[in-house]
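To begin, one chain is listed below as structure tokens, in the form predicted alone.
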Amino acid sequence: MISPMLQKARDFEAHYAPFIPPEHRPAFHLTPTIGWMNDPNGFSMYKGEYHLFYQYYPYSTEWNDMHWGHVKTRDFLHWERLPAAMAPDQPYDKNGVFSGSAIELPDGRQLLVYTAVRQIREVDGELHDCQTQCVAIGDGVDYEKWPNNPVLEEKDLPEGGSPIDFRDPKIWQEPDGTYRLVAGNRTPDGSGAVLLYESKNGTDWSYVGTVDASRNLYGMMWECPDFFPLDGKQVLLVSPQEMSPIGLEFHAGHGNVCIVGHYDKERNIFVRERIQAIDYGIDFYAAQTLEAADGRRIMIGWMQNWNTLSVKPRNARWFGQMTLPRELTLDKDGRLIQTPVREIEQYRRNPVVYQNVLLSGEISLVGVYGRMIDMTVKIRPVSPSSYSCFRLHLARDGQFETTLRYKPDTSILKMDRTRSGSNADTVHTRSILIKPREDGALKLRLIMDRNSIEVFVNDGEVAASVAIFTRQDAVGIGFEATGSVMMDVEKYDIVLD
């Protein structure tokens, strides 16, 4: 049965969302139906389609009592909007239906697993969240919350586990039919951990053990965990709160971490082999993955950051967007490689190609402009030490621009959106260390949409995302070198049919 609170949200979005013109949204990056969006939830296959839910508050562009928004897709670029899936309408989730995941059950129904939040007043008068894990089951549009919710609560935590910080379950099914999930928790040392649970039916769960923990080295509370096999290894993704900076690998604040290792499933022992950031840009958080029908591991993230919420479009009826979904692989050294989903290539139009352009000073190229594009730029030195700096100017019109700057002597790529349409006093630059290639070449693939730039460096060794709100007629692209480089450019418009 649809509750009055959920029906109110559905009626609101159905009535008011049509007033948002399509051209006022990104063309192929997902935004909320109306109002606020944060973490991706329930990224999964169901009956041959890819479903995505998200943290949602339809009534405002500010965070508030969380609902679940809902869309589905077949190609990761066209998103069909479905009615809101859940609202905070039960005593155990009255302060929010927080992040979670989804899976298809053997009987053809879809199971949602989510964090329910209610506030309790302690003996000292302080209000604290009580976070539990709950389920809902439905048909891809309508969902009924399980009558015996919550299915995981304080009694199911290990000794010293925090019921205040216990959230974001990610579910999957093992080959033997057993369901497993990981959830974030805060440990007695005050930092984050990822807990593992298992179930035979998706509703009755038991604690298995701790997969990994921060131990106060990589941020505090570990949010939005994901745990999956990839290219013969096991990968753990987490989004830590209160990160301390570590070189240019991890920045301060809300971060994102990828841990690659090997995993003994029987003994629940995960051994780290490599740790790195997932995305090195300004706006990225709460990544979640699925296994596609063809076996690809596809990841999507919230292309925003809790520390940069003041960067938003003026007078918009929506806020928050997702990254373009990305294909994940590991290279021979175990480094995470990310590339845009290949489906985008079927929507590339109007190719413009330049090869062996000798770049010295600043130029623009005929036909190379736009805001909804897929562009690859390759540069290589003319001779050793032939240049000291390369700059790429994007979304430019004389007043506005976003800049990428690369200095080969330091191998640092700097992303700068200072002049990208926001006067907010927040993070506008990020410096990224690039592993230099033996030939000194640099390859940048850029996916641009109306309100974002995603950069993939050297065939996906590094990914970096940034939200921009530059006016839409700022379409200029410029190339600049201090010294001399040879440059190839291949640019396509992205046109959704």
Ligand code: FRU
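Predicted model, so just to flag it, every value in this text is computed and none were measured. Start at 1 and count along the sequence shown; that's the residue number.
The discussion below concerns the form predicted in complex with the ligand, not included here.
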Is it the case that residue 279, even though its partner is missing from this view, gets within 4.5 Å of the ligand in the predicted complex, heavy atoms only? no
Residue 456, heavy atom within 4.5 angstroms of the ligand in the predicted complex: no
So in the predicted complex, does residue 63 come within 4.5 Å of the ligand, heavy atom to heavy atom? yes
Taking the ligand as it sits in the predicted complex, is residue 207 in contact with it (heavy atom to heavy atom, 4.5 Å or less)? no
Partner contact check in the predicted complex: of 293-301, 105-113, 220-228, 380-388, the stretch with a heavy atom within 4.5 Å of the ligand is 220-228
Looking at 470, 31, 452, 55 here, can you tell me which has any non-hydrogen atom within 4.5 angstroms of the ligand in the predicted complex? 55
Using heavy atoms only and a 4.5 Å cut-off, determine which of 145, 167, 371, 251 is in contact with the ligand in the predicted complex. 167
What residues in 33-54 sit within 4.5 Å of the ligand in the predicted complex, counting heavy atoms only? 38, 39
